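Only one chain comes next, encoded as structure tokens, the form predicted alone.
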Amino acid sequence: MTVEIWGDVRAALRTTIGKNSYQSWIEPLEFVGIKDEVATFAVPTTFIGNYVQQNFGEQIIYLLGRSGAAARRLHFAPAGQSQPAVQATARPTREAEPEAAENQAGAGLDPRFTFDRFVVGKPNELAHAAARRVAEGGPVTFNPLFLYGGVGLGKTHLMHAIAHELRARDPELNVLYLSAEQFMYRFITALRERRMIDFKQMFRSVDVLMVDDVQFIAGKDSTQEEFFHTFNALVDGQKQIIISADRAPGEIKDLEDRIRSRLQCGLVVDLHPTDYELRLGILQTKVELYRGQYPGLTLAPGVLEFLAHRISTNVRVLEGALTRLFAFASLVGREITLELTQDCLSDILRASDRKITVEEIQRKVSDHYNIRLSDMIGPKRLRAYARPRQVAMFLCKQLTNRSLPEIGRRFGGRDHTTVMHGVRKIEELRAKDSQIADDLELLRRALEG
């Protein structure tokens, strides 16, 4: 019976997530069975299981329930492992975390993403402090708390850590964590099945709503409409809302003005790109965790420092590189030296050669001069905005391979002659104004480090 249900679920997923995603992620799954409300699947690799859990877990659980198969959690095991062993693994997990299984917050949370595993440095200390404050519970302080930053800077980690902490402090708290895409999927499903009352009741009865990657609802008019009403209802009810995105509310294209305004009415915190010290601290923390998994491995001096210098744009890539390095050294039984590191991670190191973007330069310059990014790239000609704008244009010309017309387009659609003028002006000032020269050197080091 459950095998037939899984066939129905697969058919529904094929329709909703598209042919390519279906073939890449759902087709390789082998349905094993459901026991104690845990649906078990055999997977070719652990990576596929983790990806499906994070990106399609909510949908699979919902579709199984709709088809009559009660499952509150998913479990993935390597192909070839016997069913009893898989179920034995699933059972202790459920017994160890019974409340997380019952609560909606537990469905999509990574147990590794806790506060004690979040390495704090200057680029993320404000975001960490704000997340800690919200995780204490009690009266709503920042509503919403809006976390934004590039890929791999820790937004999702902090979101999960808040949910874990809230659940630990009050197991009865109704915490709902999901991605913006999952919010949209649930909304569309409720519309199609004429279950909007259930949808509204579920979302407006939570104590804490956490929505990751909210930029994905931009341009989706109906979804934005429902998100707006959900947001207002929760704020009016003094319920906490926590949002993350890859950019600030004012920079999300095609986001309705009324939603942008609501998102800006709380605390908006930027997670800046990591600096060398923070990356090194992250690596040192990961090494301590790996010591137990890989006993006997030795790490030569200078390896972590090398990685912290070379892989600078994405913490996930940095951590993944260290994981691969330890696994490879364990398999070949060798010390982790600088030479082994360069051989093992050659592809990652090539891909991670520093590529500074126009957007990164704009953000760094606006932060340095303590002005809003929207003012620096906007039409205002006040000196307080014009000089930083010219500094940013100069750095874009120096540190990127973008043409002058391309740079001009990134600065509010300005003509390339405006960029030329700005670059020449800063070249002149650098020679006679020590403050400008110091600013340029400081910003260059920050961007290249």
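Counting begins at 1, following the sequence as shown. Keep in mind that this is a model prediction, so the values were computed, not measured.
Here the subject shifts to the form predicted in complex with adenosine-5'-diphosphate (ADP), a form of this protein not shown in this document.
Undergrad: Exactly one residue in E251, E319, E165, E256 has a non-hydrogen atom within 4.5 Å of adenosine-5'-diphosphate (ADP) in the predicted complex; which is it?
TA: Exactly one listed residue reaches within 4.5 Å, namely E319.
Undergrad: Tell me, which of V119, L297, V287, V235 has a heavy atom within 4.5 angstroms of adenosine-5'-diphosphate (ADP) in the predicted complex?
TA: That would be V119.
Undergrad: Classify G137 as contacting or not contacting adenosine-5'-diphosphate (ADP) in the predicted complex by the rule of any non-hydrogen atom within 4.5 angstroms, answering yes or no.
TA: Residue-level check for G137: no, no contact with adenosine-5'-diphosphate (ADP).
Undergrad: Please tell me whether any heavy atom belonging to N124 falls inside 4.5 Å of a heavy atom of adenosine-5'-diphosphate (ADP), as the geometry stands in the predicted complex.
TA: Yes, N124 is a contact residue.
Undergrad: Hey, in the predicted complex, is V151 touching adenosine-5'-diphosphate (ADP), heavy atoms inside 4.5 Å?
TA: Flag for V151 set to yes.
Undergrad: I'd like to know whether T156 contacts adenosine-5'-diphosphate (ADP) in the predicted complex, with contact meaning heavy atoms within 4.5 angstroms.
TA: Within the cut-off, so yes.
Undergrad: Which of these stretches, 221-229, 311-319, 235-243, 191-199, has heavy atoms within 4.5 Å of adenosine-5'-diphosphate (ADP) in the predicted complex?
TA: Stretch 311-319 is the one.
Undergrad: Indicate closer or farther: the Cα atoms of E58 and V315, in the predicted complex, relative to the displayed form, with a change of 3 Å or more.
TA: Nearer in the predicted complex, by 3 Å or more.
Undergrad: Pin down for me whether the R72-L166 Cα distance shrinks or grows in the predicted complex relative to this form (closer or farther, change of 3 Å or more).
TA: Note: Cα gap between R72 and L166 widens in the predicted complex.
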